[in-house]
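Only one chain comes next, encoded as structure tokens, the form predicted alone.
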Amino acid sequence: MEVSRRRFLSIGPVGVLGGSALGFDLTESINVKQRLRIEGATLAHSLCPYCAVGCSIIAYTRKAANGRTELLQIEGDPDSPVNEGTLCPKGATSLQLAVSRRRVPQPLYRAPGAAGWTKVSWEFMLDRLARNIKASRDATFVTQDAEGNVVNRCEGIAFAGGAAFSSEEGYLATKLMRGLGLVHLEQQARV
């Protein structure tokens, strides 16, 4: 059978490589590849947790043997008009936010002068945090500036919001920090 240039191009690379003319057939390996990792997974649409652009992502999950939901893969949503299936480097690694082996699952506390960290309860850590914020705010709260103007601000605490903040979390954090009188605020999703 004579193969013209037009016929060769219409077959496409998969057809050419999958054909027996080259001596091997990739059909089976292509089918196996499609069944790997996300076979039988539940598809969920979500938004990237980093900046305020709002890139759509697709998360593939599956129920594990112990009944917990296991996150398998995250990729850009090709149907999104915002990112058209692409993700920036931070968004592409967002899977690590949930499944990293290095993620600390509970609070750790190092007492003054201690050599190491100890596991503590959330109740202990939140109480300690609240007490430290209150003490610092009380010690550094300014009611009037040098010219006698009422300012009511806390100059002893600064707040830096993480890059994983969504716009809504950034808004809430800003409201909370402004309510405490903070003037030194910074975060990626500025409000």
Partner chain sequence: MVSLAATFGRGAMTNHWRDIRHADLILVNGANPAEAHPVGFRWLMRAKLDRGAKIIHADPRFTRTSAVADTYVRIRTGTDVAYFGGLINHVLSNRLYHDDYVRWATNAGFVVKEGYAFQDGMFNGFDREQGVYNTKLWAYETDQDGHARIDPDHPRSVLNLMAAHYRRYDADTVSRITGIPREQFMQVAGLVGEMGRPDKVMTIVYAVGLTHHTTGVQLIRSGAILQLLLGNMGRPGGGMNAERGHANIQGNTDHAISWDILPGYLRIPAPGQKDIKAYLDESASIKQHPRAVNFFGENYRRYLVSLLKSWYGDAATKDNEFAFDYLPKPAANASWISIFDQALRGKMQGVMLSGMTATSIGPDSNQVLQALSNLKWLCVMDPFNTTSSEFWRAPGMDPAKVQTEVFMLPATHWIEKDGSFTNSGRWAQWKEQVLPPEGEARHDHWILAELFLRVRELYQTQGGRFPDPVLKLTMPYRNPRKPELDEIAQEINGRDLRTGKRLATFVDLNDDGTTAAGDWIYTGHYPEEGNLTKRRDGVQDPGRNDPSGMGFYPNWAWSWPANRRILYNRASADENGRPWDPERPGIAWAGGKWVGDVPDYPPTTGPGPDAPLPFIMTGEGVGRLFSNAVADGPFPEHYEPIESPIANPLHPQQSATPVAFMYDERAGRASRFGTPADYPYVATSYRLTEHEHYVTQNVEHLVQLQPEAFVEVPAGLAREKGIETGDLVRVSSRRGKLEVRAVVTKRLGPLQVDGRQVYQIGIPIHWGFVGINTGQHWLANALTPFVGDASARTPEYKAFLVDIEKI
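Everything numeric here is computed off the predicted structure, so don't read it as measured data. Positions refer to the first chain, counted from 1.
Another form exists, predicted together with the partner chain; not displayed. Remarks below refer to it.
For the chain shown alone, residue 152 is a contact residue for the partner chain in the predicted bound form, at least one non-hydrogen atom being within 4.5 angstroms. Interface residue remark: residue 138 is counted as part of the site for the partner chain in the predicted bound form, having a heavy atom within 4.5 Å. Among heavy atoms of residue 38, none comes within 4.5 Å of the partner chain in the predicted bound form. The partner chain is not shown here, and in the predicted bound form it never comes within 4.5 Å of any heavy atom of residue 64. Along 72 to 101, residues 74, 77, 78, 79, 80, 81, 82, 83, 84, 86, 87, 88, 89, 90, 93, 94, 96, 97, 98, 99, 100, 101 each place a heavy atom within 4.5 Å of the partner chain in the predicted bound form.
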